[in-house]
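Subsequent text provides structure tokens for two forms of one protein chain, presented individually as structure 1 and structure 2.
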Structure 1
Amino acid sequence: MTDRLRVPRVAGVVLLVALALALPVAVADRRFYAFIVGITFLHVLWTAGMNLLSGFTGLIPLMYAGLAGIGAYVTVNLVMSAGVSFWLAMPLGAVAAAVVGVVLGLPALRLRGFYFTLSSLVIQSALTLLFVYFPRFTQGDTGISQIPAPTVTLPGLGTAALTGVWFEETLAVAAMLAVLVVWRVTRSRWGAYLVAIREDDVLTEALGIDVTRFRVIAFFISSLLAGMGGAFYAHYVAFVSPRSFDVLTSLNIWLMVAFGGRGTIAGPIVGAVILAPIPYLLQDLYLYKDIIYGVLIVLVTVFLPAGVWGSLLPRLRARLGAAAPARVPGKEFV
């Protein structure tokens, strides 16, 4: 990468971080818009995890929302029933989601393409039924309401609930950390192996690389982020039900990744920022919002097949006076 490209990239990252931290403050007095900002940060976190599998490993995990649900329900039960602090319960819920994801997904990870997707759909359906028919832990279709906000202890000020703009700021930091984790993984040797598996898993295995092992690693990290997002979602919205984590949620997260640009770091962020607010901003047009949502996705699929960011990235590089570099696994994606 030339220095001419490096400077705008660093400046863009700094600007993006500053914008993410400033946005909750800018809309703090308008709680409806602040809530949309928080939900968008949650989807940025989720799309980062989905992108690691869908964009860099070539898998479409339609059980992703179910794993987020495991993280949410484990965290909520630890907090509300066992009295555990959210900051301890959240990582435990995330690890539980990752372990369950690997255990359930390990047989499916040996499959390829459509067969893995179909298998993951079956797992998602099983998890949804689990959420419905184990009301002792999930309250069934009724859902769990009045979930308390996390608390923080401030030196000299005692304990306070994490609400309002501070919760949105926390979600912004969590989203940026998730993006950073995915960026770091994809820039490592592991990332190069994952991209090689995505391009041709048979050839990669023939070269002596353990395809299943690296898929399991990617699946564990992705499931960890899913569970983390589910835990934050439950305590941010203060309500969870099986419908919060059904197959449509998985499809929406995958669509955000594809809409923005799979296999790029910035693409899923763009997809989440554009698509996540639409159901809330167009709720007065409830008869048409699904049509608008669908038409927007179709237009991008037809005219920008690599996604919004994936299609615009080569043009941006060309404007900076440098041809887009050849794609080297694990090193080319922004």
Structure 2
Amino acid sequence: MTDRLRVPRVAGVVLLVALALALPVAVADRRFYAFIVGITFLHVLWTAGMNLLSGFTGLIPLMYAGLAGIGAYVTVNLVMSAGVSFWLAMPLGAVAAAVVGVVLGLPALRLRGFYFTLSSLVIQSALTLLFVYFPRFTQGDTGISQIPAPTVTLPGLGTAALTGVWFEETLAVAAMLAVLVVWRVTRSRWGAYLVAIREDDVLTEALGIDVTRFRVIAFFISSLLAGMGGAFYAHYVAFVSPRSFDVLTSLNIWLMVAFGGRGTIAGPIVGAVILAPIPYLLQDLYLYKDIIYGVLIVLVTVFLPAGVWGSLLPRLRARLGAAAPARVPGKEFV
């Protein structure tokens, strides 16, 4: 890390945090835009988790949305059937997603590249089927509606539902925490190992690094964030159905990561901020959301494998006269 980059970086982060916290307040009167802001924060959280796997370990987890679904359904059931507080149910849901992710992912982790991705696709399909065919917990294709907003008890002020701008602020904080976690992990020794594993797992293992262990850790954190996002999503949107967590959702989160730039911290945020609002902003074009995202997947793969931010970053560094990056972002897919 060079000194010349440190100042603009810190300034950028401070500005971004301030902006993220101010935005919900600025649009608080227009619920529609506030909702889009909230959804975008959720996707920032999700892309951070996906990036940890897809960007830093090179695995493309297409069951990501399924894990988010597990987080969502566990939380919603605990809250709505068992009367558990959201703030207890949400972590439980996230842990459930992480455990399922690790249990399902552990055998698949022995597979590499394509075979891993294919088995993750299979797992996603199986999870979707389970969501549809266990209506006791999911109400099947009908979906669960009227999911209550979490409640907050403040000493001296009584209990209130977390709604409106407060919910968006909460999502902003959750998203920032997720990014912070991923940043910490990837800047640590673990992060160096993860990147090394992405580049060449055989070599990394031969150097005495426990490849499986670090993959599992990455998997756990990533699945945890997926589940946490799912729980927040369910209670924010107040409606979930198996469609909310199908393979296209996984693919779209992956697209946001890839579009922004895999293996960078800012890239997935850029991707989420640009792409997540599209289906809501272009409401008349909602039907064409799949087409737009699909076209983008193809275009990014063909023309911009490093992503928007990933392509910009080296130029930015060069302009600021910083040294070459120690880690080269975004190896294609492997």
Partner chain sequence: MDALLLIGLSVVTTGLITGAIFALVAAGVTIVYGAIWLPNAANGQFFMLGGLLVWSLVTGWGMSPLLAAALVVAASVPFALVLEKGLIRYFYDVPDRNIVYLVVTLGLAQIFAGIFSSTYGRWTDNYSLPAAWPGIVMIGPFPFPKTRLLVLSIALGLLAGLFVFLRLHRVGRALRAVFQNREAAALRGVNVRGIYRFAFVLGTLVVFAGGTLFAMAYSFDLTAAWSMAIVAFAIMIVGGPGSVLGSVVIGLVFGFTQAIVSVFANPTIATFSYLVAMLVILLVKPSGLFTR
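Keep in mind that what you see is a predicted model, and the values were worked out from it rather than measured. Between two forms, the rigid core is defined as the largest C-alpha subset superposing within 1.5 Å. Quick note, the numbers are simply positions in structure 1, starting from 1.
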Checklist outcome for this item: Which block is the form predicted together with the partner chain? Structure 2
Next on the checklist: Once the core is aligned, does I274 move its Cα by at least 2 Å between structures 1 and 2?
Outcome noted: no
Checklist entry - I39: CA shift of at least 2 Å between structures 1 and 2 after core fit? => result no
Item to check | Cα displacement of L304 between structures 1 and 2 reaching 2 Å, rigid core superposed | outcome: yes
Item to check | Angstrom displacement of the CA atom of V295 between structures 1 and 2, core fixed | outcome: 4.9
